[in-house]
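Okay, here we've got a single chain as structure tokens, the form predicted alone, with questions on binding and movement later.
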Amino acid sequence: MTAPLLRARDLTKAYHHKTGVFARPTSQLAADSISFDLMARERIGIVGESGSGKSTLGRLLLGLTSPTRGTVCFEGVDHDDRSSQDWIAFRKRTSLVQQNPLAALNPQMTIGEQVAEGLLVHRAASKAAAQERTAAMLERVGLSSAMMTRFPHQMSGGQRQRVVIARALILDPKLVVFDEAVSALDVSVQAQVVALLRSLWQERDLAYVFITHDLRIVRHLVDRIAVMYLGRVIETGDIRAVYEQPRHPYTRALLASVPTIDPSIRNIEPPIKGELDPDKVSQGCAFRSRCPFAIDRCTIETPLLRAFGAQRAACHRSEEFAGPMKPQAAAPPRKELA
């Protein structure tokens, strides 16, 4: 059996806070016992609300944040066992595309300098060869090589995002983490970037983790999906299975909140109410205070991920969500009396 490209086991990250001199320190689990495998050229989407721990998970996978507990293994080497040289090799094989391209780019360097920087730092090409590869990469992501002399502020948001993608791919990595890579873009530009990512994946030996809160976009970009809530994966599986028959109330509510262009169709799933409540993490189901299907068992017993065909869900009542989500025809507009 082929070994996974990346393996995460029991990955946990706790942040400790202290609000005053005499206050007792508190801790918050940004990632809680997350385990999964990612095969070569596989694509997985990590979705959830802001504060669910998606970005923390991405940083843990890339070794940018140290876990409180658990391990990450990439190409057979555990992060804890990496030497300095191993980390240099790891950085060449992996990359990160950040949410805000303007913040990710150096305002004092030209676009060409920033895209070529990785090649020069890792001594993967001479200066002349780096310029040629940079020009070719910019052309590949839909930008003119003439833009190499521009600065970030001289480009649009969509152009800057393409620059960040070009910089991430210039070393031909095996794994890329996209952290909300299209959330700041207009809808039309989002569609262009999504089409670009799909074509780049088809032509390159690339696996990626796509982090987003937008379920409308992620379904076009990944093979598998993991839904996070307050640091925990509460549902995961094949993208088609999860979209067609979600087994967790949170996933169902997220999917129901995706707008449809057909005004005659409306979703009848109960909406998500309230805010994320970290105090509910310690015992029972973390989603119980916002769940319309919560029962007494949800208060005292933490649900574990259980298998349901091509997916797994952490809900005590998953068996009850056996059918697909069925949108309901909207009521016809009421005629006003003359």
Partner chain sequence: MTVVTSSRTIRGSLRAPFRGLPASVGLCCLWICIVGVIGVTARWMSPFDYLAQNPLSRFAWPFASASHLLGSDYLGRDVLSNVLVATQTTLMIALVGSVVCALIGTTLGLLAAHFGGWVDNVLMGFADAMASVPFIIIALGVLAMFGSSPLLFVFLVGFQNWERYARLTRGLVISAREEGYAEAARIVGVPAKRIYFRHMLPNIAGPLIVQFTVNFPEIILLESGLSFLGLGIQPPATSLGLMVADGRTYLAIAWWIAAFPGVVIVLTTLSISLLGDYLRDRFDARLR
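Remember, predicted model here, so these are calculated numbers, not experimental data. Numbering follows the first chain given and starts at 1.
The same protein also has a form predicted in complex with its partner chain, omitted here; what follows describes it.
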Check: Pick from Thr236, Gln159, Thr134, Ser95: which has a non-hydrogen atom within 4.5 Å of its partner chain in the predicted complex?
Finding: Ser95
Margin query: Just to be sure I understand the contacts: of Glu117, Asp223, Asp214, Asp172, which is the one whose heavy atoms reach within 4.5 angstroms of its partner chain in the predicted complex?
Written below: Glu117
Next item on the list: Using a 4.5 Å heavy atom cut-off, state whether Thr110 contacts its partner chain in the predicted complex.
Entry: yes
Note to self: Whether Leu105 contacts its partner chain in the predicted complex should be assessed with a 4.5 Å heavy atom distance threshold; does it?
What the structure shows: yes
Next item on the list: Using a 4.5 Å heavy atom cut-off, state whether Tyr243 contacts its partner chain in the predicted complex.
Entry: no
Margin query: Is Trp201 part of the interface with its partner chain in the predicted complex - any heavy atom within 4.5 Å?
Written below: no
Margin query: On the criterion of a non-hydrogen atom at 4.5 angstroms or closer, are Arg59, Leu64 and Val121 all touching its partner chain in the predicted complex?
Written below: yes
Notebook entry, point to check: in the predicted complex, which of 184-192, 202-210, 67-75, 145-153 comes within 4.5 Å of its partner chain (heavy atoms)?
Noted result: 145-153
